[in-house]
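As structure tokens, one chain now follows by itself in the form predicted alone.
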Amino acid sequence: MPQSPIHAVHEAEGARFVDFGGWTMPVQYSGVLAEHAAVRENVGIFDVSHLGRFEVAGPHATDVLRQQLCNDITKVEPGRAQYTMALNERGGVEDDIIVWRLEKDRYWVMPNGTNSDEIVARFRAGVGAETTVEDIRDSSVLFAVQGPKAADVLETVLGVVPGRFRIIDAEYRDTMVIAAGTGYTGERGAEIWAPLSVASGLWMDLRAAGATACGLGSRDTLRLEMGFPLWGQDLDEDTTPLEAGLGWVVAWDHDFVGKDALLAQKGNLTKELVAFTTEGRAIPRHGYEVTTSSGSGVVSSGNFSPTLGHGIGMAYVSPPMGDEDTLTVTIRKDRVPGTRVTLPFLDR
């Protein structure tokens, strides 16, 4: 099973590991609650090297991205990043993706680790002779530095701090690394790409500058508090961005795979993603049954919010809820009342 290139460093720091998307990755070090608090109150660092990353370059690279992805990469200039999705012909989400536009016709596409091979193959099948698709995951690491004090750590180690969804080059130990103002926690920070030659040193220097080592357990509670979707739970091949409440990701002024299906679905949804809270420590977990005044559904993501001190969750319900509809969640055979809310759960 693949593991991080700095797996030995994580072992030395006392990490506990889990199988995540076919990779052995740290799930926690000191504990999920402590790591969650570190990111919300100070600064944490995640090894997210399991995430896919491949380069698309050449004179037709921009056309390829516009055809394969539902957002429009021409809306951002070189030096910026964009959130987007790869859809199937039914409009279902094959993956949600971050794209770094490095140059006019040179991009780094970053799919979820679970889907990386399939998305790379999809792009390779859709390019012509003048456009290249090169997988760069095995030759690099990707770290996420996140938290209110992330800028201090980045300035200390790299000497630069990228703005939100901005991409900048930096020099570390005479080696070029790239930092983007992106992340999955709702906090300020950056995701840092670096070659393997400096991977361990970079991690340790970021730690020495004040970043707490954090695992995938706290990353999940942090992203849920912000209402960020997780592919495989909140998004999948049978769910469209419109049903997920992510219509803002769709740029309608260009052709892309799945556009016709989305056009047919506009204004005619049969299910929708809703966000809700529960009182106390009852946890509305993935897969739990949801009942509304007019229908039913299932929790896609749910957990106890360490910051808010109560349960939070997202669920797909059918038919879509009316303004006066109520919602309950079945937790261990008890029907627990839920309150529908607007995302994000936590205002950062």
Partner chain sequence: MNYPEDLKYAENHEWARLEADNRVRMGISDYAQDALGDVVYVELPELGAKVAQGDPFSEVESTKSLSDVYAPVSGSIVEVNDALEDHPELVNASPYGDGWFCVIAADDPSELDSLMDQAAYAATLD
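Numbering follows the first chain given and starts at 1. Note that the structure is predicted; figures quoted are calculated from it, not measured.
Beyond what is shown, the protein has a form predicted in complex with the partner chain; the following relates to that form.
Look at 291-299, 319-327, 25-33, 40-48: in the model of the complex, residues with non-hydrogen atoms within 4.5 angstroms of the partner chain sit in 25-33.
Looking at residue 62, you'd find every heavy atom of it more than 4.5 angstroms from the partner chain in the model of the complex. Among residues of the shown chain, residue 335 is not one whose heavy atoms approach the partner chain to within 4.5 Å in the model of the complex.
Although the partner is absent here, residue 57 sits far enough away that none of its heavy atoms falls within 4.5 Å of the partner chain in the model of the complex. None of the heavy atoms of residue 66 is located within 4.5 Å of the partner chain in the model of the complex. Taking the partner chain as it sits in the model of the complex, the stretch 291-305 comes within 4.5 angstroms of it through a non-hydrogen atom at 303, 304.
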